[in-house]
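Have a look below at one chain only, the form predicted alone, in structure tokens format.
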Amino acid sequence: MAVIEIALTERLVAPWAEWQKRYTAGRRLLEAGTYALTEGAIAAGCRVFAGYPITPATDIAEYMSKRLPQVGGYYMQAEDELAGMHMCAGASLGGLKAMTATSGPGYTLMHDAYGWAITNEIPLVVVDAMRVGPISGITGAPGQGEFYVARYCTHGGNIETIVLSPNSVQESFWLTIDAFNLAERFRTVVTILTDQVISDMFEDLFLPHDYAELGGIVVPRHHNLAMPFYPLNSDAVDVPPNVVGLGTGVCVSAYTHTEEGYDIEEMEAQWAQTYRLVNKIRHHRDQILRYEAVGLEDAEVVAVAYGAASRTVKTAVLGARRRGIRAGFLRLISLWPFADELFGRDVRYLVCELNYDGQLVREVMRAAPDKRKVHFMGKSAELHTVAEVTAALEGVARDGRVPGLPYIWTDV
């Protein structure tokens, strides 16, 4: 088989592509993804953590219980995940940046608090370290079953959400800072959808010497002290978050509200609120888009993945190119809003994800020019091997289908 000699183009579209060039003085450690998430939160100015322990997110709570007192912050052990998220929302309304962390079973318990925080435009960061399901599944095995749950994270609809996913320990640090920045700018909950592999594995981690020097990249907490507290019918971002106290008089409610925050039972108010909650995100999608791409320009088949699954998929793509296959690699970092614009080329797509029901693949089918050219490669509880992805790339490129492989599902 001929070898392709075309130079590969690699592109990382994310704020930390520049940040990690700007900050080079610091410490290098061998640490876990949970540790990197914790340090990213501290660096971003998080001063409150409330949550309930659950594998594989428990280490985040343990690290935060140690680190927050060192920086003047507060750690609270909640009676359950729902209470933990409500505590974080209250802390954020009181003027402090806050974060909670959980895994799938706890994540589903948070949905009432999710809607409460989104509707009241409360900045928060929530970490979901996914493990294989359904329900409690296996605590020490990775899964990607909350792709849609993270998008539709509460009842009632009429919202948009921001969801980011890292694929390394180092990226977990920078991405967590980014998540806090987006939460402040968009006045909403930002979910970090990581997984058991990225959370638990140890890798090289660079941490800047002094987090105070990160002021150029960290969005500070400001307070909105005057009306309108809820700018209805507006898609504006960078509106300072509301603060309860300081004489503001802002009201917080689970119901449709006025610009002051008072309950109201009028359709015009519901429409105005929905316009705000949906379009402050939809109309600024370009400021949320993050991805990594390799060799897309000449690719005839593009492998798509996110999180831990993307690591072996990328290795397989690079190997396939050396074997003469015009393969490309696309890693989604911002999962929601979904990056439809990345799937405009009429080529074949191979979507690799850690579930058997097919979740990410359905969005790629919707966004791609021809859904018949979108192929599913689902696996559960362990990563795709490089050999499996290589065989799939060869099969799609040669025959237009994924060959039969043990433990791999292809039906959507």
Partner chain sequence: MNKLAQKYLRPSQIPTKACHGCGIGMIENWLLQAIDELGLKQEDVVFGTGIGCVGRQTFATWGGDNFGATHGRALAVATGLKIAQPDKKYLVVVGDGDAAAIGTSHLIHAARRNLGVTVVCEDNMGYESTGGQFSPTTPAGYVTNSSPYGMVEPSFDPCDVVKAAGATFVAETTATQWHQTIKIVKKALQNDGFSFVHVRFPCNENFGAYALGTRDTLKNLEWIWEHTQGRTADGKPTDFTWETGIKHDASNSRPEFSKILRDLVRKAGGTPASAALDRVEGVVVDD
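Note that the structure is a prediction, hence the values are computed from the model and not measured. Numbering follows the first chain given and starts at 1.
There is another form of the same protein, the form predicted together with the partner chain; it is not shown, and what comes next is about it.
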> Contact between Trp116 and the partner chain in the predicted complex at 4.5 Å, heavy atoms?
Replying inline: yes
> With the partner left out of view, is Gly145 within 4.5 angstroms of the partner chain in the predicted complex by any non-hydrogen atom?
Replying inline: no
> Even though the partner chain is not shown here, does Ile333 get within 4.5 Å of it in the predicted complex, heavy atoms only?
Replying inline: no
> Can you check whether Arg282 is within 4.5 Å of the partner chain in the predicted complex, heavy atom basis?
Replying inline: no
> Looking at Ser253, Thr139, Asn158, Thr315, which has any heavy atom no more than 4.5 Å from the partner chain in the predicted complex?
Replying inline: Ser253
> Heavy atom within 4.5 Å of the partner chain in the predicted complex: which of Ala83, Ile217, Leu232, Val149?
Replying inline: Ala83
> Which among 293-301, 217-225, 203-211, 325-333 is in contact with the partner chain in the predicted complex, heavy atoms within 4.5 angstroms?
Replying inline: 217-225
> Taking the partner chain in the predicted complex, which residues of 81-96 have any heavy atom within 4.5 Å of it?
Replying inline: Leu82, Ala83, His86, Met87, Gly90, Ala91, Leu93, Gly94, Gly95, Leu96
